[in-house]
Every structure is written in structure tokens, then in C-alpha cells.
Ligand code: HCA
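The chain below stands alone and is given in C-alpha cells; this is the form predicted alone.
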């Protein structure tokens, strides 16, 4: 069964300028739990005392979700996470030859000893703790190194191997395919009788994070990392709402309360200072708004003519924008919302002309303004009739 790991509170805080106060982190965790996120990654306790305290508070709230923490491959980091009372620890260590030689000054064998010793230590302290091991920058590391360290990590007690596209390097349909990578890694592990869960952590540097995550799922990955607004290092990671919506609408999964996503996004946007673009998929203000006359006319008859996603899954309704692109179908549809169903065709055209005039000034006529336009046109029509 697929699980979603949300990393808004960990990866999300690696967005420049983003920091959530402790009470805000707890509130976000509660919203994530209500939506049905499977794993909440709460932070790296060794970074600051505030993060440590937040992780500890969230871990003791009896959420349905698994509560996890981040740690380097160091026993002190792992002990801090264990002290917080989390259910899950994500341990990371890069095993590319370049990083091993130039940064860590170790060979692969030495790195594997450090990684497996830390995993064994964590399990000795809490046999029930879920351990995820991530070879950082997995997909650009030598595949043989990744296989070797993954085998050793699982044999030492790791429950999950996470494939990290740390730099957003993978491209669907090429020789850098995430589908192919996950398939090969699973084969190498399974052929040795090892069956850890496979997770993916996809960065969005090339704009392919969502596509790569879906490729990984199709290849058998069981955990996908995401964050609200795709927050994270550089261009961020997979967007939570987008992956949940696609998995629901296109892959038949029905594990999450999508109608609670909008509240979460507004809250995170407000407290992160990161605005939600109007054209942002799924959650943006205009995601289900039809504008051009041809679109609105067809969508008013049958929304599927210009929609492939149902806004009702999110507890939303489609809307029709009233501006310079509007046609008479948009006007009739909008008039029905304000109870003006008997306006003559002549006056409907006058309303349309006025809406287009306002739209040409770069403005959108909201439904709250439309009654005033109608009232003005009615009064103007009466005045002209009396003047004849």
C-alpha cells in the first residue's frame, strides 16, 4: 500500500526564509494528520533546541500518522531523535565515490560500517523504531555503491531504502528514468531475499518532481515524500496536493481527505510567507476557473469539456471569470447565481459590454459587483425609455 510522507516541517524549513514557530508546527501536524498523511517528518532535532522541542511535542500527540525525525549517520543524532519519542528515524549518508573521497575522506567499506553501526544502535535502543536509510544523491551515485550500502543497511535493520533525487536530475522517458532506477534497485534487493519498502524523495529542479514520483510509484515504490506548496531546498520537492489529487483521480487511490487541503495550504502559505500563485495546480485560485467565452459556454453545459479533474474532490466549485474574455454564456451563468434569470437578451448584452469594458482595464468582475452593474443598466434603460 502506498504511503505519503509529508516533509513540510523538515524539508519545508529548508526553503530560504521559511520558519514555523512551535505552535504553528503542531497545528500543521494536526492538519496533516486529519488529511490522512501516513508519515509526518517533523524535523532534525540536532539542528536547534526549538526544532528538538517541536519534534518531541508532535511525537507525543497520539496522532494516527507515524511521526518521524531526521538524523545524520551519527549516534548522537539518532539518540536525540529517540529521546524525542518518534516512531521513525530517517538516516542519511552519501556514498558517491566523489563525496566519499573529497568530503568524507573514506572509502565505501568504511562508510558502510558507519551507516550500519548507527542503524544497529538505533534498533538496539528501540527494536520497534522504523529506520529509513537514504543514500543522499542516490541517483547520481555509482549504482553498485547504492546496491552495496542498501543491502548492508537492510541486513543491519533498516526498514526503508529511500531513493533521493537530491538535485532533480532524473528525466522521465530517458536513460535517467526513475521508473527504470526503482525497478533495477528492487530487482537487486529482491533477488537477494531482501524486501525493504522503497521510498522516493524527488526534487523539482527541472520541474519533473511529480512525474518522477509517479514513475517511481508505477515501478513499485511504496512511499512518496511531498510537502505543502512543494516547499524545500532550491525549487523544492513534490507538491502534496498535486500528488494526492493525481493518485486519487488517476490511479484510483482514496486514502486522503482532499477537502481539507485548501485550509492547510492557506495556513502554511500565511505562516511561511510563500504565496499561492493563482494558476497553481489543484489549489490555486484559478485552478477551476473558466475564462474564455468558448470555454465557459462548453463548461456550463458539461464541465468535462474543459476539465479533467473534479473540483468537488477538493470540496471546491468551478467558477467562471467575468472579464474581457467573457462571452454571453458566462454572463447568463453568472446572472443565474444572483437571481437575474429574467433579464432581457438586450440587457444581457449590455451587461456583457460593461463586463468586457471593465476587463480591458485589467480587472475581474466578482459576483458581488455584478448586481450593481445590472442595477445600473436597468436604471439607465428606464431613463432612456422615459426620455423617448
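Remember, predicted model here, so these are calculated numbers, not experimental data. Numbering follows the first chain given and starts at 1.
This protein has a second form, the form predicted in complex with the ligand, left out of what is shown; the following refers to that one.
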Note: the ligand not shown here; in the model of the complex, the stretch from 173-181, 260-268, 200-208, 140-148 having heavy atoms within 4.5 Å of it is 200-208
Exactly one of 169, 121, 92, 280 comes within 4.5 Å of the ligand in the model of the complex through a heavy atom, and that residue is 92
Any of the heavy atoms of residue 164 lying within 4.5 Å of the ligand in the model of the complex? yes
Would you please decide whether residue 14 lies within 4.5 angstroms of the ligand in the model of the complex, comparing each non-hydrogen atom pair? yes
Can you check whether residue 134 is within 4.5 Å of the ligand in the model of the complex, heavy atom basis? yes
Would residue 10 count as touching the ligand in the model of the complex under a 4.5 Å heavy atom rule? yes
